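Encoded as structure tokens, the following chain is the form predicted alone, with no partner shown.
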């Protein structure tokens, strides 16, 4: 027994289709608002010209609204950080694991204790007891590899994702 298609069947199918389209149109803005904003996507990565930095100089840039410390380390700083006994560190990590090129150190400029910005980037700033950075808020001392050496900070300064596009351009993110 075959069912004859009627006008009513067409109206039911059309109304269900319109309801589905309407539901999709109502739900889409809710789903779309969960995507990152355009200004956030624009800050997903940044390129920095590091060609002008001399040995021993530092630069601070913003990435994702946070400071990133870029330091072109001296031979003495590299040697000193490589001679530290790894088992004596609170957050054991070798200097070689923290850098891609020996003279360049790139770390997030945010103390891992309470999120302060440590001193040590500017000329005249106190670099702490280990020649890196010093967070005066609670007394955390970092070495020239960004490793925590003294104070309440539980971890080393974070290493952001980065790559060298050329000898003079660094891409963060």
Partner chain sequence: MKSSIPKSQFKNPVINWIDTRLPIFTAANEAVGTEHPTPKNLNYWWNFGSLAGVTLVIMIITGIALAMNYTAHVDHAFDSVERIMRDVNGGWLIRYIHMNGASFFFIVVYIHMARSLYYGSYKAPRELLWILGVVIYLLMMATAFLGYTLPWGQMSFWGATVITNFFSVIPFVGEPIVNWLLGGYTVDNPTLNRFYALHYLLPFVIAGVILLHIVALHRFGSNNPLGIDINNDKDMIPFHPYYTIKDFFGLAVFLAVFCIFVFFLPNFLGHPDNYVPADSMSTPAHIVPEWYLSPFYAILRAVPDKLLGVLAMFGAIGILFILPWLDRSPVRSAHFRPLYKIFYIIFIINMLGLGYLGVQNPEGIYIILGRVCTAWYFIHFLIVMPLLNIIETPMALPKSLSDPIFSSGSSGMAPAASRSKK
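Residue numbers count along the first chain shown, from 1. Basically, rigid core = biggest C-alpha set you can superpose within 1.5 Å across the two forms. All values derive from a computational prediction rather than experimental measurement.
Same protein, other form: the form predicted together with its partner chain, not shown, and the subject of what follows.
Contact check for residue 19: every heavy atom lies farther than 4.5 Å from its partner chain in the predicted bound form.
At the 4.5 Å threshold, heavy atoms of residue 126 stay clear of its partner chain in the predicted bound form, well away from it. Using a 4.5 angstroms limit between non-hydrogen atoms, residue 152 touches its partner chain in the predicted bound form. Heavy atoms of residue 116 reach within 4.5 Å of its partner chain in the predicted bound form, making it an interface residue. The putative spot formed by 61, 67 and 137 is fully lined by its partner chain in the predicted bound form; each residue has a non-hydrogen atom within 4.5 angstroms of it.
Annotation for 6 to 36: interface residues with its partner chain in the predicted bound form are 31, 33, 34, 35, 36 [heavy atom within 4.5 Å]. Put the two forms on the same core and the Cα of residue 124 is off by less than 2 Å between the shown form and the other one.
Core-superposed comparison between the shown form and the other one: CA of residue 27 displaced by 2 Å or more.
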